[in-house]
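Alright, two takes on the same chain below, each alone as structure tokens: structure 1 and structure 2.
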Structure 1
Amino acid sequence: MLIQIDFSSDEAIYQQLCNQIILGIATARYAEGEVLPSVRQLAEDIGINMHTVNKAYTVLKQEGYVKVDRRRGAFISVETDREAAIRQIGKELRILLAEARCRNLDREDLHAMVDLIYDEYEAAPGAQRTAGGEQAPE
């Protein structure tokens, strides 16, 4: 698992870890059902506290990106409740759009940014998805 943590960032390490895993899922670097390293192993690999990794896994579980099984450990399992996702992302997007508006970014700037980022995700190796959101057969 390739995780890059910026120790000089103001962003909390557990949040960076969450974001890296979510980005890995979006770009198909991490696949549905893929087992994540144990808390101890990932903490050792990155050089961070085990409690930090545990917090990240807990947040990812709460947000519906991973499941935890006593035998298998943590593994990628994205919850696909579309209505819940729309509500949650809409809530977060509302704040981001307010920030953009305060900084005088217009609709076209934001649409261009969204298109560019979405294109990057779709261009990632193995990231082709069907209209329903599931991984397309290769």
Structure 2
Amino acid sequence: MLIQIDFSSDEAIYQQLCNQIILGIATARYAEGEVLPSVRQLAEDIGINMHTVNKAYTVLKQEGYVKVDRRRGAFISVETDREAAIRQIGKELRILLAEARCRNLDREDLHAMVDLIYDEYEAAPGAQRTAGGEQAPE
């Protein structure tokens, strides 16, 4: 699963977990339909409490990154409501760009940073997202 937690970080453990799984989806390291480890298994693997993992899964479920099947457990299932995504990302982007503008970074600087990070994600091992991959269990 390759999850690395920084216990000295001021960022909550469950939040770090969420971020790493989202990062894993973005770099296609986790594919649509792929089953996540059970809360107990993952908790044991990285040496944290079961409820901390459960909280991360619950948040990821609410935010539309995973779903739960009684039979298989939690699996990757990304909701792609374009308008909702733009609204949510835009909200977070607003404060980030305010910081950038205070530091005299112009829009070209930001475009370059976006491209750099997108290059990084697309170059990740096993990364060819074709906007498909639906095999939801029924």
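Predicted, not measured: the structure shown is a model, and the values here were computed from it. Structure 1's sequence is the ruler for residue numbers, which start at 1. Only the largest set of C-alpha atoms that superpose within 1.5 Å between the two forms is called the rigid core.
- Of the two forms shown, structure 1 is the one predicted on its own, while structure 2 is not.
- Positional change of residue 109 between the two structures reaches 2 Å or more at the C-alpha, relative to the superposed core.
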